[in-house]
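The chain below stands alone and is given in structure tokens; this is the form predicted alone.
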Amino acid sequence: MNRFLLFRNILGGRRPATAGRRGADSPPLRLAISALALCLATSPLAAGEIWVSNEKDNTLSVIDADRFEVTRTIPTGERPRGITFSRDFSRLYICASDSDTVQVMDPETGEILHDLPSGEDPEQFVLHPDNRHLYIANENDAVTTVVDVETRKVVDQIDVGIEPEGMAVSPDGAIVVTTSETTNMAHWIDTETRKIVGNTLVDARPRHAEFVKNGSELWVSSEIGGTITVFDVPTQAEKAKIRFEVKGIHPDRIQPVGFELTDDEKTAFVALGPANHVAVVNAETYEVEDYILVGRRVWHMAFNGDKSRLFTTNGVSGDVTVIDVASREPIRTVKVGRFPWGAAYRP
């Protein structure tokens, strides 16, 4: 039932035979107040937004996560890719790759507040749990740049492999991982010493990395290898390899990039690039359970606030597919700018 019809029905419900006047303590009124609170708490005003970077348009599209509509289009620097919010969502950080900078935006106004020094061609980044240090992959320089967002200064540059892109940080902030697309490695960086403490091989062209399961595992997607490698974090040893096979699609077109896990971390959704599908993976057995058809060349994705919907960025078709997580079905397509790439949720 529609929440507002529920509220109306409660207000208009039958009066108990023993009831006198309807004071603030009467059961129907208490129910009505509770229903109204529920309506307000779950109304579109509280639904949140999905922010999407559009590479070719040099813009961000802001999607209402409840109505599935673009509410704002905001200009940025050249070729925006990775985007992430500060812990309190008061700032948005944008990798403006062809502008060779990280831009800092006020998401309320859409104003670019200032730029951060980032090194050449920033692709992706990760914000340390201290909410102060950005670790940035500089593809052309083969380094990971560490920037203090408060002082707006580079505090370190760490040599990594060729063409770094993926970035991940452990929940406790002790380890940052950079993946190098040409070297085919995950580089483990101690955030206290800012030194590499391990290099592990993955399959061809690693693109995205995430620490999962309270930091006990590291997942790395390999675009050309067509796999996700799962590492045991304490030992840095390979634990599992996830492979994909979509009926009717050539293996060369199955190119995993971004992925997201549900809150219970039992299910992972993996973007498969030009295969135009999202894979559904059992994160406990590492087996693929399902494939969901989305738009063309799916890159990355973001959940809404309660993780009931998943929004995928589809580069070639220039749109976002909305997936119902429970049914694992696409329910809506939202047109955005040209070549949408990154995605982030804001409440």
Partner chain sequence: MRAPALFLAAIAALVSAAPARADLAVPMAYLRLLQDRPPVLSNLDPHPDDLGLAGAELALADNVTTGRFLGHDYALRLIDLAPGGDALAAARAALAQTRLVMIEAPAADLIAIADLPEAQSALLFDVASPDTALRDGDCRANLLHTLPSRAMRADALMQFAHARRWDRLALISGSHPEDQAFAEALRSSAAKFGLKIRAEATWAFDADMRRNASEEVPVFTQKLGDYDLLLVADELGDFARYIPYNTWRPRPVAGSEGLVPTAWAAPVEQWGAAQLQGRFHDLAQRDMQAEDYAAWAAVRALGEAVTRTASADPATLRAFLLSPEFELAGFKGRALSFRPWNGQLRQPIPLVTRGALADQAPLPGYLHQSNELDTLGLDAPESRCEAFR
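Being a predicted model, the structure only gives us computed values, none of them experimental. Residue numbers count along the first chain shown, from 1.
Just so it is clear, the following notes concern the form predicted together with the partner chain, a form of the same protein that is not shown.
>> Using a 4.5 Å heavy atom cut-off, which of 108-116, 127-135, 68-76, 249-257 contacts the partner chain in the predicted complex?
In response: Only one stretch qualifies here: 249-257.
>> Since the partner isn't included here, can you check whether the partner chain sits close to all of D159, T182 and H187 in the predicted complex (heavy atom within 4.5 Å for each)?
In response: Yes, the whole candidate spot contacts the partner chain.
>> Exactly one residue in D100, D148, E217, E139 has a non-hydrogen atom within 4.5 Å of the partner chain in the predicted complex; which is it?
In response: None of the others qualify; the residue that does is E139.
> Taking the shortest heavy atom distance, is A174 within 4.5 Å of the partner chain in the predicted complex?
Replying inline: No, A174 stays farther than 4.5 Å from the partner chain in the predicted complex.
> So, in the predicted complex, is R205 in contact with the partner chain at a 4.5 angstroms heavy atom limit?
Replying inline: Because a heavy atom of R205 falls inside 4.5 Å of the partner chain in the predicted complex, the answer is yes.
> Is V154 close to the partner chain in the predicted complex, meaning a heavy atom pair under 4.5 Å apart or at it?
Replying inline: Heavy-atom contact with the partner chain at 4.5 Å: absent for V154.
>> Under a 4.5 Å heavy atom criterion, is L261 part of the interface with the partner chain in the predicted complex?
In response: No, L261 sits far enough from the partner chain in the predicted complex that none of its heavy atoms falls within 4.5 Å.
>> Given a 4.5 Å distance limit between heavy atoms, list every residue of 205-227 close to the partner chain in the predicted complex, or none if there are none.
In response: R205, I224, G225 sit within 4.5 Å of the partner.
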